[in-house]
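The form predicted on its own is given below as one chain in structure tokens.
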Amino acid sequence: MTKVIRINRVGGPEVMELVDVELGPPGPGEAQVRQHAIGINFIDVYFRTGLYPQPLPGGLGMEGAGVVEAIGEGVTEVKVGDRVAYAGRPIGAYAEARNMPASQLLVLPDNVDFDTAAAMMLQGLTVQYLFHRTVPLKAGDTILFHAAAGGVGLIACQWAKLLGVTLIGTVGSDEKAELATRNGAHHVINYNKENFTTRVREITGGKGVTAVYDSIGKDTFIGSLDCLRPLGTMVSFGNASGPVDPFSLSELANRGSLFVTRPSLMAYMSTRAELETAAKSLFGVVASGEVKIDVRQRYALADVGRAHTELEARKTTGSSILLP
């Protein structure tokens, strides 16, 4: 038996239940992973609330790290005893142990511990594809990154600095502003004190930014469009404040022929080759110390309700993990 988090209906944190389930041996192409740490991400909230549908009853969580305890027939990607991590489907990371498609597992470098791995996979791979593929950034570019003191945001601050990119970040408090600045943000805007659109225009001398990376959604979308230079790109990769309202494509033309994209990790990591390339890039900057993963909240698996409550209330900074 192994303990897992299950939901039988969608709703608030109270719908998550810690239950015992029978974990059978891994099937063909699968590996059984005993998890040492589990990542917590806002996408977990979307599945819990039903914003992103899934069959019920179901699990939650898309990121974890641990040790391979058994492998099924035909598995070549990992072996028993390997230290591994993963991000993405199938959902169900909130568990002490689980069977995973071996094609989703990545062997960890020796100098990356489980807590770091569980906190960095989904968030770090997200920044990797956002900066290298969605809008390939180059030295001298200026970007706006919302939620700059969150897990994805702090990684983005450091990676942008590494690339020679000027990052303007938005945050909701002075404490978060200081944190983003320490991690490499060139300019930080407290949106509770300043209008971020006006401030971005001031910082850029009226020119606007190359790209906006927005995980907030409804509350920031239109204001973010107004921050872009002509031919700039709006990257909407989350909905923390709710889904973006429908809008006319003429809004893009009126602001200088803007581009909008709604990327997802799964689309960018759809093949093993894409996953390995992105992971090599991420592991390289983390192992070298150029990008540090800041795990600032740790919760027991049984305390997942509190973890979600604090995440939704924007009381967390950096990365959060569950410890089974």
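All values reported here derive from a predicted model rather than from experimental measurement. The numbering used is simple: start at 1 and walk along the sequence shown.
The protein also exists as the form predicted in complex with a small molecule; that form is not presented, and the subsequent description refers to it.
*Asks:* Looking at 203-211, 103-111, 245-253, 165-173, which one sits within 4.5 Å of the small molecule in the predicted complex if you count heavy atoms only?
*Replies:* Selected stretch: 165-173.
*Asks:* Is there any non-hydrogen atom of residue 43 lying within 4.5 Å of the small molecule in the predicted complex?
*Replies:* Output for residue 43 is yes: heavy atoms within 4.5 Å of the small molecule.
*Asks:* Counting only non-hydrogen atoms and a 4.5 angstroms cut-off, does residue 152 reach the small molecule in the predicted complex?
*Replies:* Residue 152 belongs to the contact set for the small molecule.
*Asks:* Spell out, yes or no, whether the shortest heavy atom distance between residue 241 and the small molecule in the predicted complex is within 4.5 Å.
*Replies:* Although the small molecule is absent here, residue 241 would touch it in the predicted complex, with heavy atoms inside 4.5 Å.
*Asks:* Looking at the partner-bound form in the predicted complex, is residue 123 within 4.5 Å of the small molecule by any heavy atom?
*Replies:* Residue 123 belongs to the contact set for the small molecule.
*Asks:* Considering the small molecule in the predicted complex, which of 277, 49, 270, 264 comes within 4.5 Å of it through any heavy atom?
*Replies:* After the contact test, the surviving option is 264.
*Asks:* Would all three of 86, 135 and 281 be in contact with the small molecule in the predicted complex, where contact means some heavy atom lies within 4.5 Å?
*Replies:* No residue of the spot touches the small molecule in the predicted complex.
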